[in-house]
Every structure is written in C-alpha cells, then in structure tokens.
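As structure tokens, one chain now follows by itself in the form predicted alone.
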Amino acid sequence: MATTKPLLSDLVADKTHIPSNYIRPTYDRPNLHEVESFDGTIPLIDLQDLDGPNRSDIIQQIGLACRNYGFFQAKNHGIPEAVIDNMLRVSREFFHLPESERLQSYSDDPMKTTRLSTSFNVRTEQVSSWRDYLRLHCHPLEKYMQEWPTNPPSFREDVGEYCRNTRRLALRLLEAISESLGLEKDYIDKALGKHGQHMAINYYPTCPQPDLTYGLPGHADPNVITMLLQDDVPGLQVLKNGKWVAVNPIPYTYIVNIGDQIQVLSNDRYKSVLHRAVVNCEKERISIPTFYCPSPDAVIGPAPQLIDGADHPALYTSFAYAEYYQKFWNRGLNAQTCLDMFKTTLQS
C-alpha cells in the first residue's frame, strides 16, 4: 500500500488536477467571477499618532471601522519593516525545506502547542482545504520558543522578534478598541486573564483548479482580534453586505479583524466578520495571522457598562474561553459561528 504524504505541498507537486477530497460541492465554491474588489474603500487607519495628540480621532476611526466593517487596515503601526521582511523570508524558507525536515514538526494533535499540519482539522472534516500551516503558541514567549523549529537557522530569532512586536501592537489596539466602546482603556486587557497569543504561518501552494476549492472556507475567528500579515499575493476575501470582496495586500500593512470575543464583550456593538482564503494557479501565497486570545480560564461576557435594561440587555451568557474554543474546533470552519450557542434566552 502506497504511503500517503501528510502535507498538501508534497502531495500535489506537479499535479494538473486537484485530488477529489479537496473539491467543494457545487453550492460551496468560490465563484471567483462574482467577487468584488474593495479598491480603497476598506478603512485604512494611520496609527502614527495613536499615542499622540490625535488619539481621540484615531480611536473614533477604529470604532467606526469595527462597527461598520468588523475589520480595518493599519499602517504606521510601529513594527519595523525589517522585522516583517525577516518574518516573511523565514516563513517561505521553512516551507521550502526538504519534506523530511519539515515533517519533524508535523502533528495532527490539536493539543500540541507547536505543530505543522494541513487543511484545518484533518480528523473531522469532510472536505480538505488547500493549505499547509505551522501553528505556534507565542505567549509567554520563553515558555514556547524552545519547541519551535531550529531550521531555518534564524527561525526562532526572527519569529520571536516578530511575536514581541505583534504583541505590543495587539495591546495598543485593544486599548483603543476599549476606549472606542466607551470603556476604560484597560477593560479588555483585564477581561482576557493572563492572555494568549498564537500564530499560524499559512502556506497556500499553487492550485491547478482554484475555482473548485478554498485555501480556507468562510469562517469567523473565535479569538479577540486577528492581525494578518500577507505577502504580495492576493487571497483574502471578506463578506460585506452579502457579497465576497477581495482585500488586496498593501506592503507593510496589517489587516485587523474583530473576533467572536469582541462581539461578546461589546454586546454586539461590534461584529465578528466572515472571511475566507482563495488560491490561484500562478503563485504560492503566504499569510501570517496573529491570533490574540483570552487565557483558557478567562471568563468572557458582555461588559456590564454596555448593558442597559430593556434597550441593551445582555445578549450573551458568560463562558470560559476554553469552552468556547473547544466548540469552535469541534464544529470546524463554516459560516455558522459558535456565538449562537452562548446567546441568552432573549436571543434564542
């Protein structure tokens, strides 16, 4: 019996048709010809003066973007271009390593805090997604860095420096989002317990039939906020007013999206947004989302200051983040978020 290669990039090298387990049913395909382009209408927020005299104006921009879009682009965010360049370079080098070297990090055990895998949840999903990924836990950094790959040689140094920078940016954004909701600026910080930070290095190989599959199907993120770094190859699409819209990369710019936990904390003022990744037949693509999370034991619920009797009743019950994430993982990636499971009887 032939040995099955666990990673997509090794399985499909030089293939002209995608394997049948990657083909989506006809009602669930990208329909790439129907996708629109934002072409500048997605909010692009300059964070240069976030800690300066224009803070209130920038916070207002962030609040409007979170309320109306669920995501925004951020420039002048304080992460040096060299740190971003090194992160993208070492990510591509990792996925170009020989198969035997990469497979040292492979695992299909979702409990492992450092693991290379493919698709999303290979144990439960019916249709596979066109990606390989390296998942890393990043906070506290000193706890997890020793698990990370040692090849390429600069991997730990480059990724560690990147994680320190993205954590600083995440904390600044969470303060701004708190203030935009009319809360104390440290409200979300305190609500997250000891905090968690994960990242994925997503590798999307070229695909001979990109209209039949997804890099990742439409889904919302279960965490607090996600900060996405992309290379120069388009692939991210966001659902806006019932239509999928392409968000093309801008160099050294992050795409920040609201996750389910902000939707709960804000009592639905801000909405977690559906997004997906599509693939193409010409260029491989790398995207690197940083997922900022509560610690597993943190109890999440609507902020009391955003609950106001009959006008704004609590829309969600309180829950431990570990419980929420387990339900997300078991359900898999689809357009139905897990938020419905935690709505109050007022919403059921």
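Residue numbers run from 1 along the displayed sequence. Quick caveat, the model's predicted, so the values are computed rather than measured.
The protein also exists as the form predicted together with N-oxalylglycine; that form is not presented, and the subsequent description refers to it.
- Though the partner is left out of this view, Y69 does not reach within 4.5 Å of N-oxalylglycine in the predicted complex, counting heavy atoms only.
- Shown alone here, H275 lies within 4.5 Å of N-oxalylglycine in the predicted complex, counting heavy atoms only.
- Proximity of N202 to N-oxalylglycine in the predicted complex: non-hydrogen atoms within 4.5 Å are present.
- Mapping the unseen interface onto this chain, R131 counts among the residues with a heavy atom inside 4.5 Å of N-oxalylglycine in the predicted complex.
- Annotated contacts: V224, K271 and C338 are all free of N-oxalylglycine in the predicted complex [non-hydrogen atom within 4.5 angstroms].
- Of the candidates C163, L181, L236, I262, L236 is the one whose heavy atoms come within 4.5 Å of N-oxalylglycine in the predicted complex; the others do not.
- For the options L116, L228, I188, I258, the one in contact with N-oxalylglycine in the predicted complex, meaning a heavy atom within 4.5 Å, is L228.
- Heavy atoms within 4.5 Å of N-oxalylglycine in the predicted complex map, among the stretches 282 to 290, 56 to 64, 23 to 31, 311 to 319, onto 282 to 290 alone.
- Heavy atoms closer than or equal to 4.5 Å to N-oxalylglycine in the predicted complex belong, across 82 to 118, to no residue whatsoever.
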